[in-house]
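One chain comes next, on its own, written out as structure tokens in the form predicted on its own.
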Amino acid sequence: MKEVSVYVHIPFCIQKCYYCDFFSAPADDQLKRDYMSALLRQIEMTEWDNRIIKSLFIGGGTPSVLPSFFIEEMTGRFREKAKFAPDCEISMEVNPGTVDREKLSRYFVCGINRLSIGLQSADDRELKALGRIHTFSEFVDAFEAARMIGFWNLNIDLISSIPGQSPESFQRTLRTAAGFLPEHLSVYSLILEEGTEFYRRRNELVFPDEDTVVKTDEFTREYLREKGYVRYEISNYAREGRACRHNCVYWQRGTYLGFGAGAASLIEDGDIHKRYTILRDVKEYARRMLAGPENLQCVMTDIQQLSRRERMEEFMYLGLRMTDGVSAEHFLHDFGIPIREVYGGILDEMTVKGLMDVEGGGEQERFFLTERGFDVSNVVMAQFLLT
């Protein structure tokens, strides 16, 4: 059986957060029903023979904005059609303003075993400034309810470098979040993205300067290390054994299937590696799927067969996001050529500059970013593009 990870995109939300450029939007009840029916149809039409699901991630948007019976029906349909690994990680993103004890209980009963709760800030003024629909008190209620119900794999999402946020305010948020003892923390530095409300108002907002951003990242690393969290990726920290398995599949270029509008897939068939995205139009996706198509080609877009060069590039710039870095042995296994024959000069240059480090020798070499390298990771990773 070939292991595969599954991502389900629920593109609905009550309102768009001011920093968000993800594919999401409000929708009426009829569109939600049509969309979920389309999702069920896509699950049914997918070829599941010789595949076993190792992780399932329900993201958005705001998946928890849906009535819980939609989530129950969807997870049930996966179980009808596919095999799940005994230790399958089943994650779901939740917004504290859209859940209560009953909803969380129903998620637990239908097999969800990991929640990612979007706090972002412990300061209500900052939450309002971000366009969030919840308060800190609602987060506390959701987190404590999840624990009472039996969720023992919880992530808290945080955002730093919010417009007008002082270093002291973020530090209070980080200390507060860590005080809940979650198994995992994701800490993202806010990036100004085109098409967002923040981008439209960029000339009137005051963002932290670069020096403040770097110092905030340093504080995050050191504080969470003291609290027993291991940084395993640029923005992610976990207790021992609690790294998000699903996201690791992306960074390690595993096979994953995307369900729902805008969801991406990467599949491997021998030497052929193919990537595609499901149509990024909620209404059209639902219409085509509910029209009874013979296959899923009708909703696939941006179909791309990756060249060997493109796969090498992805191996490097995705793998280097993780603190474990990349392995010379794995590179040789995947591409049949020593890593130093392709990237030797760049690896040496980055090491001399103190942006990368190396352990072991020969096929046992492993290359990874230093903390200084993580601070300028985009610059470092760009060096591994072969074009």
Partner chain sequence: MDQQKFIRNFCIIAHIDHGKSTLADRIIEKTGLLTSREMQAQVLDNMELERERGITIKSQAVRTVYKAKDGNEYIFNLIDTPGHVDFNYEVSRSLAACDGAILVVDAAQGIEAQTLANVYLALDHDLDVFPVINKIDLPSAEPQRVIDEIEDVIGLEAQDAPLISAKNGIGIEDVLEQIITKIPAPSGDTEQPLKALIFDSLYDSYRGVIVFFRVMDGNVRKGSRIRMMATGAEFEVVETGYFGAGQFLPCEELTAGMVGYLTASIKNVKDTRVGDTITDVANPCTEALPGYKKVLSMVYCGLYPADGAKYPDLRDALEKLQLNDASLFYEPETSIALGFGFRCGFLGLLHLEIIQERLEREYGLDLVTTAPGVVYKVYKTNGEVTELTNPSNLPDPSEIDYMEEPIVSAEIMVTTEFVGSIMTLCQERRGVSRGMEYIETTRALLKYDLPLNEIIYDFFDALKSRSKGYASFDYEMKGYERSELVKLDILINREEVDALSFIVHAGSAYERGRKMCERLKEEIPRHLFEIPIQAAVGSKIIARETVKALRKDVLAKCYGGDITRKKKLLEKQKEGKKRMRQVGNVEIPQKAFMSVLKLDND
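Just so you know, these numbers come straight off a predicted model, no measurement behind them. Numbering follows the first chain given and starts at 1.
The same protein also has a form predicted in complex with the partner chain, omitted here; what follows describes it.
- Looking at Leu355, you'd find a heavy atom of it within 4.5 angstroms of the partner chain in the predicted bound form.
- Under a 4.5 angstroms non-hydrogen atom cutoff, the partner chain in the predicted bound form lacks Asp123 among its neighbouring residues.
- The partner chain is not shown here, but in the predicted bound form it comes within 4.5 Å of a heavy atom of Asp211.
- Contact check for Ala382: a heavy atom falls within 4.5 Å of the partner chain in the predicted bound form.
- For the marked spot (Met92, Asp141 and Glu197), a heavy atom within 4.5 Å of the partner chain in the predicted bound form is absent from each of the three residues.
- Taking Tyr223, Phe136, Tyr317, Phe108 one by one, only a single residue has any non-hydrogen atom within 4.5 Å of the partner chain in the predicted bound form, and it is Tyr317.
- In summary, among the residues Asp269, Glu193, Glu240, Glu80, the only one with a non-hydrogen atom within 4.5 Å of the partner chain in the predicted bound form is Glu193.
- Contact with the partner chain in the predicted bound form, defined as any heavy atom within 4.5 Å, is confined among 243-251, 293-301, 71-79, 142-150 to 243-251.
- Along 12-28, a non-hydrogen atom within 4.5 Å of the partner chain in the predicted bound form is carried by Asp21, Phe22, in order along the sequence.
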